[in-house]
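Shown next as structure tokens: one chain only, the form predicted alone.
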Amino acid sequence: MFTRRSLLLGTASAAIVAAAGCSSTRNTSNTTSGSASAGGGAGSLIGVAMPTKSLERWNRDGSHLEDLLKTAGYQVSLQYADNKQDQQNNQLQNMINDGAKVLVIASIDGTALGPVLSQAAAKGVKIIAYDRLINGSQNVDYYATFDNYKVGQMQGQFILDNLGKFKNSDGSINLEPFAGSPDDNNAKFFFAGAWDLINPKVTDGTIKVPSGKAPKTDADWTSIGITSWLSSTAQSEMQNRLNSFYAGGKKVNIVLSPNDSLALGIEQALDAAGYKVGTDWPLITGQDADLANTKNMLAGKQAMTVWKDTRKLGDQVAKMVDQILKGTTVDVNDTKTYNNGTKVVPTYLLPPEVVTYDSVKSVLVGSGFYTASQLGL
């Protein structure tokens, strides 16, 4: 069985890659707005490095953090690297040369940042790893993220809680598990959190995996990983499994999807295969509360999503930047868990939240994450 601690201590060699697939995009802002609040760092340059614009969440994260920092009176260089590590390295180097005091980095390959982080440290630049742990470097000052193992646990527990509602007429339960990109540092945690709960039911025969794609060891999970978190790849994989293992009327009852991008592709494959909501549509999990997936939840095509309110992550990181530059104590709530292979990085963890059909309006609309009109409510 996977354990949270073994996973956390084993991330030193993990490469970190977000979803790719868009044309090269770059958004740079070096604009000063307003005046800083009292204290050190007034008008300082903050570098914000995001991995890609090809996922909805990174666009939201980047623009939200930029707005917060500008409102606080800082200059901001916000750049997207189109999932190209060399491009992100160059962007960070330029930020350092331009005099950035703090770098906020959502890394593409966290193991490839050592040299540029050494240069940053030599100039006194502080580093905050944003949602993805940067591995193998002493020069990571802080980490802010959600409890990603708990994300997986929420997905796994939701499946276990609803087993009785999704089964075949003979009582059998067929599940197909998916995992995220093998190069994403967080993907292992998402999958392990869920699989630690689900795998015992697979082992005792309560749950069947007709495709045979049921990882048995820590290393095996990568064999079902969807590179770059692409919806199209997940769709093709689901189509292949349905065509190969579900002939003669056999049905899939549950699909473990670690995020909404994969869930969207899986749902498209099920649509094409003739599955119908209200008759044989399976339980499908997700994460991120993307707009298309939230609409699919309302349409009965996705059972749940784990919502990580990235606005709160941005709020916390902006606060940490301000604390660094004012020389005050930086808020963290975990100083033991996140070992990047060379040090335990002081971390601020935020809690994720399960959203279902019944709570879309109260949670997502009620919080202002979406408007009712955006969701057709």
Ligand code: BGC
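Nothing here was measured: the structure is a model prediction, and the numbers come from that model. Residues carry their position along the shown sequence, with the first being 1.
Keep in mind that the form predicted in complex with the named molecule is not shown, yet the notes after this line are about it.
Scanning Asn186, Gln88, Asn253, Asn293 against the named molecule in the predicted complex with a 4.5 Å heavy atom cut-off leaves one residue, Asn186.
Checking Asp288, Glu176, Glu237, Asp109 against the named molecule in the predicted complex, a heavy atom within 4.5 Å turns up for just one residue: Asp288. Checking 342 to 350, 42 to 50, 329 to 337, 57 to 65 against the named molecule in the predicted complex, the stretch whose residues place heavy atoms within 4.5 Å of it is 57 to 65. Contact annotation for Arg132: at least one heavy atom lies within 4.5 Å of the named molecule in the predicted complex. In the predicted complex, the named molecule sits beyond 4.5 Å of every heavy atom of Phe191. Using a 4.5 angstroms limit between non-hydrogen atoms, Gln302 is distant from the named molecule in the predicted complex. Heavy atoms of Asn259 reach within 4.5 Å of the named molecule in the predicted complex, making it an interface residue.
Applying a 4.5 Å heavy atom cutoff to the named molecule in the predicted complex picks out Lys308 as the lone residue from 300 to 325.
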